[in-house]
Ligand SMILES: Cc1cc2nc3c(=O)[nH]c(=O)nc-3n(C[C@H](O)[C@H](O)[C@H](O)COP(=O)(O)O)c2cc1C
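Presented below, as structure tokens, is a lone chain in the form predicted on its own.
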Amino acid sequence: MRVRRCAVLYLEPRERVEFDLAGLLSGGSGARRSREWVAHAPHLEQPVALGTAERDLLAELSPETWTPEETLAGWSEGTLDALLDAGLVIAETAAEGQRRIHAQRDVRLRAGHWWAPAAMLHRAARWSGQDAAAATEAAGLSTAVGLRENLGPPPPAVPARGGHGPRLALARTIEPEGFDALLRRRTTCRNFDPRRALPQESLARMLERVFAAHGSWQADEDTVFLKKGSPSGGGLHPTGAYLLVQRVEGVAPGLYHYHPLDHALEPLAVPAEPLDGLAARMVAGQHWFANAPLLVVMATRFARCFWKYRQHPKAYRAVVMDAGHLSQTLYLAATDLGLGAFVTCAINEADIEQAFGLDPLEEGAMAVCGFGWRAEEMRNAEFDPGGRVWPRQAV
């Protein structure tokens, strides 16, 4: 058997602090501190605590060159087996079971052309089962007053700059109608009407404006570039749309993939849990978003971007910007149609990917957005200081 280290590996020295009653009674601080090494690898679901021997063996192995097992005779068999079981060391011919799964995921990571720090960030920042709304409420951070009381004053909204001459005032040319008015009405909707379904025509128009390909260019028989309504790094448009439909006329509730060239919805497997429960988990308990008529997962096919930008330190920024561009287009398109819209990155990526059958290293959820009819009454606060959406007295 030959082995090598997994493709991407980061080691973190951690310090654990535990209560020490005996130390406290003998005049100490009452805190017992211990240190350990923890391994992080983006093809694994969880970090792995290491012993000294395991850490040192990892330092001996190459991530590229296969090492014959017999050359590792100086290391205990248990140390190598522990690293193989954890997925930090990969066998060239892995047997069935968990070791084989680790080897397959390591191969997919290598084939994805990830820049190593971006792969680690993407994996480490994913949530599963988090309730962000409840956590924010429990911490007293759900209002502006609570933020100020618990966190102190924020950095200034506008930093002081200049000092090399008088300030130059610019003319204001905002028009009361048209695009200028549209921009001023754009706001995040936190009050959707739970009784009013979205017309299928509105869904079709929104998807066409935001996610559809308005044109394509075939550079070769297997090389196609798309033109959409938002910019994308390298013109690659790797970010697509997966829908959770709750209340849309003429569309059965369920999960769908949107095909940007055919402008069509592709039904996906029916989830095991009720849609409203899945919607709430997707947006980490933010109930004001979960009751929208539909939620749209913006999921990026990383290989589409990394095909051109291989191991590139800016490629992950490009796919994050893609989601931002798409969400702004969605906001403006919805505002133009008289609909409310939202986008959030406080999402349970792991739960979303499981529901839609996505591999996070190949096609990962970046954000969730949605749109629909705004409720007649504001129950959840919305930031609309200009009173463009809600009457000022309602704010």
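Note that residue numbering follows the sequence shown and begins at 1. On a predicted model such as this, the values are computed, not experimentally measured, just so you know.
One more form of this protein should be noted, the form predicted together with this ligand, which is absent from this view; the next part is about it.
- The stretch among 186-194, 238-246, 223-231, 106-114 whose residues place heavy atoms within 4.5 Å of this ligand in the predicted complex is 186-194.
- Checking V343, A334, L358, A41 against this ligand in the predicted complex, a heavy atom within 4.5 Å turns up for just one residue: V343.
- Put simply, F19 is far from this ligand in the predicted complex: not one heavy atom of it is within 4.5 Å.
- Taking non-hydrogen atoms only, S202 never approaches this ligand to within 4.5 angstroms in the predicted complex.
- The shortest heavy atom separation between T79 and this ligand in the predicted complex exceeds 4.5 Å.
- In the predicted complex, at least one heavy atom of W288 sits within 4.5 Å of this ligand.
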